[in-house]
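Encoded as structure tokens, the following chain is the form predicted alone, with no partner shown.
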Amino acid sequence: MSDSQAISAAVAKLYNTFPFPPDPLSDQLPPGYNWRWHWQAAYAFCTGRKPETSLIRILDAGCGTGSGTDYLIHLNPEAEVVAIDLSEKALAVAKERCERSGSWANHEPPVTFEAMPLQQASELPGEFDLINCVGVLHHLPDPIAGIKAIASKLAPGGLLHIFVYAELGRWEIRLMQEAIALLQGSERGNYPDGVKVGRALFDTLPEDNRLVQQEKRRWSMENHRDEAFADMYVHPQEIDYNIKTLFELIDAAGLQFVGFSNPQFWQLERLLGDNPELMARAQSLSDRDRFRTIELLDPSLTHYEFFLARPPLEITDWSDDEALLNAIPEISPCVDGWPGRTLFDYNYQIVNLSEAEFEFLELCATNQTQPTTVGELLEPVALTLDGVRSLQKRQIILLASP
């Protein structure tokens, strides 16, 4: 058995022992939304406009126990969904989850679950418009081979959403991982024993120990389940990234970097905005050097989440007034609390609408049955074009080309 095969076998053993994520099964549809798993919202975030169709194919590459798959099926009722994972036990839980929740039963296009390592995704038939790969690449023996495999299945104009670990914010985790492995000795690979050793360490170390404090502050709520604790502290394979190594991975995919899906973190203004001289110095930085500066100054980041695309992917910024006046607006499917002046936006942040914004959204709410342009909807309300642009940038409305 090659080293790569041995690593894959060890990872499969972990997830067959502790299927992950350990989210409880439910007889109800998944609550709320994650906009990154909603094709219309994700496409609008990446391009500025609503996609022309929702009749797409989606690949959940490394679905685990199907928590994300359940949302992908539920939030994209017109999409064909394929979910793959190397752990047969996790895959069985994923099937049961989607059957019990009702997302699968109410879904007319095909939904397929396949036991398959991500590296073999290139063998899947056809191409996909949206590929979701969360928490997988950093556990592969060769992440570059993995990202190339899924990139090869991305359709032109398609989106690939990725989540991988960041090294700076996981520093304490890596120390505990190594300590557990040393104390396990020959028992390394016995994952229940690793959990036992890890929990004993946290119970025994002094209260003011840095590792204990970080666990209590950041992770203890989710790590009360052994499945989550094992995934974090006794995983047999983990590669953590920094901006330099992250973009080496991205470059290897041969795809276009669209942007981070948590852009608020990557605004240098939040760290240096009070010092004009430092901000002026930062103007000469390349995008990647700016990203690196941000993660160095705020080393709390535990993961990267971002979108890649296969060109051509046209970006619309709606800076042209005539184009905006002729656009068709509608309320984003990923806002909560409508109708009301106070909403939760696509990131579940509270938004307080002005009277003019509220009146405009009231008109947008009827726009799906009888499409009307921005220009026509603005006639009876006191909202400006910049006000419409603000609603679009905050993902409160989606804009479609006429």
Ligand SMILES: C[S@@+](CC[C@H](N)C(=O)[O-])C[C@H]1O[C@@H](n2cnc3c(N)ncnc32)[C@H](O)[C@@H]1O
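Treat the numbers as computed from the prediction; the structure is a model and nothing was measured. All residue numbers are counted from 1 along the displayed sequence.
Quick note: we don't show the form predicted together with this ligand, though the next part is all about it.
Contact check for residue 30: every heavy atom lies farther than 4.5 Å from this ligand in the predicted bound form. For the chain shown alone, residue 129 is not a contact residue for this ligand in the predicted bound form, no non-hydrogen atom being within 4.5 angstroms. Taking the partner from the other structure, this ligand in the predicted bound form has no heavy atom within 4.5 Å of any heavy atom of residue 162. Contact check for residue 86: a heavy atom falls within 4.5 Å of this ligand in the predicted bound form. Segments offered: 355 to 363, 372 to 380, 40 to 48, 59 to 67. Contacting this ligand in the predicted bound form at heavy atom distances within 4.5 Å is 59 to 67. When you look in the predicted bound form, the only residue of 117, 102, 236, 169 with a non-hydrogen atom within 4.5 Å of this ligand is 117. When this ligand is considered in the predicted bound form, only one residue from 243, 134, 230, 180 comes within 4.5 Å through any heavy atom, namely 134.
Each of 20, 90 and 140 is positioned with at least one heavy atom within 4.5 Å of this ligand in the predicted bound form.
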